[in-house]
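Presented below, as structure tokens, is a lone chain in the form predicted on its own.
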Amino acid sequence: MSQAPDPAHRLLLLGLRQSLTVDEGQWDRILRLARRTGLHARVAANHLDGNVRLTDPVRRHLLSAVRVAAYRAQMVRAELFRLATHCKGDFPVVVLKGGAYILENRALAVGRFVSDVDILVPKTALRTMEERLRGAGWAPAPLNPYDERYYRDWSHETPPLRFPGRSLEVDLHHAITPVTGRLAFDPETLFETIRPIPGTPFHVLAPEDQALHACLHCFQDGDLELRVREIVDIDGLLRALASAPGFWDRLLLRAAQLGLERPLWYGLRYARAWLDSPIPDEVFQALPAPNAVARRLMDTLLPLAMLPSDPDFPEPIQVRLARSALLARYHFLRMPLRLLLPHLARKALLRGKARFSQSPTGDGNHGV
């Protein structure tokens, strides 16, 4: 790659897979970089049990991170317990991403910070589920009519819901990609292979669909800023699933069926390059690769955008430019230009009005 991780980043990524033997000064830098990306508890979970060379200050930092992540995971379990009472069995409710990893007791859930609970229901059941949750006390933040329309007409989820007094949001999805996105597909096909979680009213996606969703969320439905933790998710899923008989064949077939071969290629490429994920060469050979120009651009931009920059200095101009370029890519993939350009113009106008109305004038009239 033209922009491989530097030595500090390599230590951070290595610390996610094996115990490090480094001094306290290096630990200080590793943990500061890890905190910027929400990976410090994952590093901690990999070191507390087996690394006997940790100094007391480092061990205290790691133990604190693990405890906070465990508390957040318990909050997710509690929120799912409350949501379970509203699953009547008349349609499937699929738990996505972090909540699914917790329900399945996957190793990658340990030390993984979770800020929301994502659930997926058939589109025909979306209004029913939303009304149940609103009737039970979950509510969205106030939205202007335009943002409300954006969620209802163009997004793949309702406005995020939150129960008063609780910090976790509930994101209610009817698809895993925006309906206006370039890789949108009929989400009903996902429900054909979902799996029940014993002892709960919930389901999870099939293993190959979970891996595809992780790649899709990282490279098609995210702005990629400091998203190295998404690569860590992809790596964790692949390590958990790679030994299952026929997994790679099913993954390739499913990617072709859903038109998700490009995000899968990127997910596999960076999981192997940065985290040494166990991906067979023949899997890459079976996937259509981006052209050389696209590969070179992504190889240059992604490390700059995804990996944390030095916390002691302002972000370099090349980092800001890389993140701006990938943010533009994100918007371009999310909406066609006929919708995107008016959308961005409208949002810019609304932000300008908000800044103008909040400008201090000393006369209480907000500059009007």
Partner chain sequence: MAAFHRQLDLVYPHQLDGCRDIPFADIRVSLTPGTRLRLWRRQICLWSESQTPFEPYPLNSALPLFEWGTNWIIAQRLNAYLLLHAGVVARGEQALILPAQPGSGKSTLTCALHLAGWRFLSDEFGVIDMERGLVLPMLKPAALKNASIQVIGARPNAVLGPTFPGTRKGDVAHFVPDRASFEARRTGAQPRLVVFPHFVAGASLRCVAIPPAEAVMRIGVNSFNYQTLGPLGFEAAVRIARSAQAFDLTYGSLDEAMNCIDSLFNQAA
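It should be emphasised that the depicted structure is a prediction, and the values quoted were computed from it without experimental measurement. Residue numbers count along the first chain shown, from 1.
One more form of this protein exists, namely the form predicted together with the partner chain; it is left out here, but the text below deals with it.
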*asked:* So, a 4.5 angstroms cut-off on heavy atom distances: do all three of 254, 257 and 262 pass it with respect to the partner chain in the model of the complex?
replied: no
*Touches the partner chain in the model of the complex: residue 329 (any heavy atom, 4.5 Å)*: no
*If you check in the model of the complex, is residue 322 within 4.5 Å of the partner chain, heavy atoms only?*
no
*How about residue 47: is it within 4.5 Å of the partner chain in the model of the complex, going by heavy atoms?*
no
*residue 28, heavy atom within 4.5 angstroms of the partner chain in the model of the complex*: yes
*Among 68 to 76, 234 to 242, 211 to 219, 278 to 286, which stretch has residues whose heavy atoms lie within 4.5 Å of the partner chain in the model of the complex?*
68 to 76
*Just one of 301, 307, 58, 333 has a heavy atom within 4.5 Å of the partner chain in the model of the complex. Which one?*
58
*Who in 283 to 315 is close to the partner chain in the model of the complex, meaning a heavy atom within 4.5 Å?*
311, 312, 313, 314, 315
